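Just the one chain here, the form predicted alone, laid out as structure tokens.
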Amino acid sequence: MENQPAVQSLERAFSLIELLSRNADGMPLMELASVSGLHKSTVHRLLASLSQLGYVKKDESNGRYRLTLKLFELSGRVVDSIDVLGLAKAPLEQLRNATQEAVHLVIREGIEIVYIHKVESRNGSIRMFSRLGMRRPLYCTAVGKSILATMPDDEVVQIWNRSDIHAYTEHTITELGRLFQELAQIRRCGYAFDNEENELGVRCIGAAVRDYTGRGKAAISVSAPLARMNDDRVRLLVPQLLAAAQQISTDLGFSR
């Protein structure tokens, strides 16, 4: 093929970039050639091109090549341009169609979650009281707890201390120790419950949507009246919920 040499050069250039990304102190020319399996002259030519483009810089004091921050700048632009709602709409529609129940998408904003998308249930006339733009603390919903579970414990404590701990129902968690017990379970299984903690008569299961850092950037949930959300039904819904969360997370750059 006519473009095969160009493709081969790109593959080799990216292999050098990946090698340099794993060596914070940089690598000399001969080591790069040895590890990559490429000829010294090939490596030198590719490094010269990458240097000219601003992706690599040679430290003249020791002859080691390092990556510049240009890739970081590019990745930052990509991350900033990612539209979570745009990525989530199709998977959430599919999730609602598969479960026939209401699904939600929330994002974290400080110590709260904000509901930014909702697909209504097709199963009966009951409507959840949630609405777009509604805010809730992180500790009292399945979506909020699933996001908290992606954070280190000290950050969870900071958020708890800054929150106005309020019992929305008799089932709302209002003790930090109990919250940590739930977070440990969420971290093991990958999803969270809201057992009438935010609204009486409603049970939700939620899962975090992770960004490229592995942090919970957002979360999704399936919600239904308690009568339709017994344990047997939940076991059927969980794989569908997790698959949707994983799809959106992958699109955001998350890799297991």
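In this text, rigid core is short for the largest set of C-alphas that superpose within 1.5 Å between two forms. Sequential numbering from 1, following the sequence displayed. Owing to the predicted nature of the structure, the values given are computational and were not obtained by experimental measurement.
In what follows, reference is made to the form predicted together with the DNA, a form of this protein that is not presented.
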* **The single option of Arg187, Arg66, Lys70, Arg45 touching the DNA in the predicted complex, heavy atom within 4.5 Å** => Arg45
* Asked: Which of these residues, Leu226, Leu29, Val35, Leu53, gets a heavy atom within 4.5 Å of the DNA in the predicted complex?
  -> Leu29
* Asked: So which stretch, 218 to 226, 202 to 210, 58 to 66, 187 to 195, is the one near the DNA in the predicted complex (non-hydrogen atoms, 4.5 Å)?
  -> 58 to 66
* Asked: Would Asn23 sit within 4.5 Å of the DNA in the predicted complex, counting heavy atoms only?
  -> no
* To do: Give a yes/no on whether Gln8 approaches the DNA to within 4.5 Å in the predicted complex, heavy atoms considered.
  => yes
* Asked: So in the predicted complex, does Arg233 come within 4.5 Å of the DNA, heavy atom to heavy atom?
  -> no
* Quick one: once the rigid core is lined up, does Gly201 have its C-alpha move by 2 Å or more between the shown form and the other one? -> no
* Core-aligned, does Ala244 move its Cα 2 Å or more between the shown form and the other one? -> no
* To do: Verify the C-alpha shift of Arg12 between the shown form and the other one: is it 2 Å or more after superposing the core?
  => yes
